[in-house]
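The chain below stands alone and is given in structure tokens; this is the form predicted on its own.
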């Protein structure tokens, strides 16, 4: 949305940068120069700094003192480590939920999966990635554990960037069906099935990534944000 004066909002700038990363038009490690971005979006540098701060909180940008802001550059090793930790944490989350889940929480999970189906049907890349990660974050939130939620929030932010950087563009589509199966296993308190489905799901997601090297994406900031 634009502000009262019709200028591009912080949220729009954040979304544009995210889209450029998710669609592999903006390479990891590229510098996001305030002056250039202010010219591209026709806004003040102060607004660009607000957007960069938001992107930093989301793990998409790193801000280095006296150097500036850069698109985060997760290594292959970090990507593998993140998924290794996720397998352990997500198993704990599922086991906790299988002990009992309320009707209200069940409804929230099913509604989230429905949103994922819409995003997949409309082929909206950023929504697909964000909702996919959001599902796992919602599971952690539903446990009622602040620790599990905070841990998953960090893991999901890192996973989203890793997915955007390393995904195989010809094959990537996590799809909501696996999420739906996990929800139904949780609802029926079938811990063995739910943990098995979650493990298979994460293996599937990781298998869709090309963890060999970071491809040479665009260095041209203006072209990437066009």
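In this text, the rigid core denotes the largest set of C-alpha atoms whose superposition between the two forms falls within 1.5 Å. This one's a predicted model, so the numbers in the text were calculated from it and none came from an experiment. Numbering follows the first chain given and starts at 1.
The next section is about a form of this same protein that is not shown, the form predicted together with the DNA.
Residue contact check for residue 67: one or more of its heavy atoms lie within 4.5 Å of the DNA in the model of the complex. By the criterion of a heavy atom within 4.5 Å, residue 44 is counted among the residues contacting the DNA in the model of the complex.
At least one heavy atom of residue 49 is located within 4.5 Å of the DNA in the model of the complex.
Looking at residue 33, you'd find a heavy atom of it within 4.5 angstroms of the DNA in the model of the complex.
Only one listed stretch (153-161, 190-198, 33-41, 177-185) carries heavy atoms within 4.5 Å of the DNA in the model of the complex, and that stretch is 33-41. The rigid-core alignment places the CA of residue 56 2 Å or more apart between this form and the one not shown. Residue displacement note: residue 205 has its CA displaced by under 2 Å between this form and the one not shown (rigid core superposed).
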